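Form predicted on its own, single chain, as structure tokens, below.
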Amino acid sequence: MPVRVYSGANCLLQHPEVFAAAGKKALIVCGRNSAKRCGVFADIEKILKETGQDFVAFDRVEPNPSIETVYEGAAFARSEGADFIVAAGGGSPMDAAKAIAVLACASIPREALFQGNYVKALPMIHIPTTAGTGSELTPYAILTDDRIETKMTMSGPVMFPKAAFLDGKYMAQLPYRTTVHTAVDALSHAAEGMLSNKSSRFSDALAKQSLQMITAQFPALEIGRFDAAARQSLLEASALAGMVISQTGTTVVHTMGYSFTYFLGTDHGRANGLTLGQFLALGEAQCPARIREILSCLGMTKAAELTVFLRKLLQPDERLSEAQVRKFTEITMKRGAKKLSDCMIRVSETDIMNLYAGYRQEGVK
């Protein structure tokens, strides 16, 4: 995980030298309004003016960014002569920025986009404004592919940002539901990382620390009251979980969540939380010691406790028809084969279907 991490109040404004060393002209990648609303865009602008660097903004990144958007962003970067990228926002702008950084340096046809072997990317500086994805510390870009009706992953060492700035002040105005959903995403990353066959003592240490930090904020998440310290702690827990999945990847919980997001518009972190507890329950017989390790960090002894907690926190209202249960299962089995094989918990197609069937709307075909 080669990203230089700066963390704490006003850490961004305290390190203009990081920007000065990155290049001559920045492409600021962000959403349409969120970066300006939370104040991070103004701080980036202030630094770049102070260092005398040119910049332009690509502020057309939508939630769950599409392949079309990142090709558009890359073309814009080339036309403007941008030689480094500053990404500001949640997982969507940060993921889009990584894909743009790669595509600005090479002409990659769409059919080869997810094959890896990327040779070069523009240098990147990432500033997260949500505490969930940990994208600022991973080499992954998750993009929506409408042709196959799910999300796909670009990944490669060149996609690691050069630096990340973690300042919870940019989350001060974050809506309650967004805070909850992103925290569940971070929780899912840390737990899934511990279930990966690629996990190690090093990744486990980070995962356990992340889970414990998130657990400490359970009361705040339940009542919706967050002070500056709570925001900062959630942001750093998310970053730790990002470090974890940089080494381990995620599990089929993520693949399952992609269908909730694509077809129902469910927020990504929330989508993970819809099946995480039940997924851990499947592992209680197969790898009980590992499940106990995860649950102990959450102050729990049974996976059912996590399911109850997440249902209380998320208040799920997602409903699937019988046809959707079948379709979501088919997509998961086809697109999640590697995640299935990499996980300590062995699940069958029937297991996946049963997890989705928990959201089945009776009588609807």
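The first residue of the shown sequence is 1; numbering continues from there. This is a predicted model, so every value here is computed, not measured.
Keep in mind that the form predicted in complex with another copy of the chain is missing from the display, and what follows is about it.
Trainee: Report the residue, out of Met124, Ala239, Ala99, Leu280, that has at least one non-hydrogen atom within 4.5 angstroms of another copy of the chain in the predicted bound form.
Mentor: It is Ala239 that has a heavy atom within 4.5 Å of the partner.
Trainee: Taking 4.5 Å between heavy atoms as the contact cutoff, choose which of Arg78, Lys162, Lys208, Arg292 touches another copy of the chain in the predicted bound form.
Mentor: Contact with another copy of the chain in the predicted bound form is made by Lys208 alone.
Trainee: With the partner left out of view, is Tyr176 within 4.5 angstroms of another copy of the chain in the predicted bound form by any non-hydrogen atom?
Mentor: No, Tyr176 stays farther than 4.5 Å from another copy of the chain in the predicted bound form.
Trainee: Answer with yes or no whether Leu276 is in contact with another copy of the chain in the predicted bound form, where contact means some heavy atom within 4.5 Å.
Mentor: It does not: once another copy of the chain is placed as it appears in the predicted bound form, Leu276 has no heavy atom within 4.5 Å of it.
Trainee: So in the predicted bound form, is another copy of the chain close enough to Ser233 to count as touching (4.5 Å, heavy atoms)?
Mentor: Flag for Ser233 set to yes.
Trainee: In the predicted bound form, does Asp83 come within 4.5 Å of another copy of the chain, counting heavy atoms only?
Mentor: Heavy-atom contact with another copy of the chain at 4.5 Å: absent for Asp83.
Trainee: Mind checking whether each of Ile67, Ile108 and Asp145 has a heavy atom within 4.5 Å of another copy of the chain in the predicted bound form?
Mentor: Per the other structure, none of Ile67, Ile108 and Asp145 touch another copy of the chain.
Trainee: Based on heavy atom distances of at most 4.5 Å to another copy of the chain in the predicted bound form, which listed stretch, 147 to 155, 209 to 217, 181 to 189, 254 to 262, is the contact stretch?
Mentor: Looking at the partner contacts, the answer comes out as 209 to 217.
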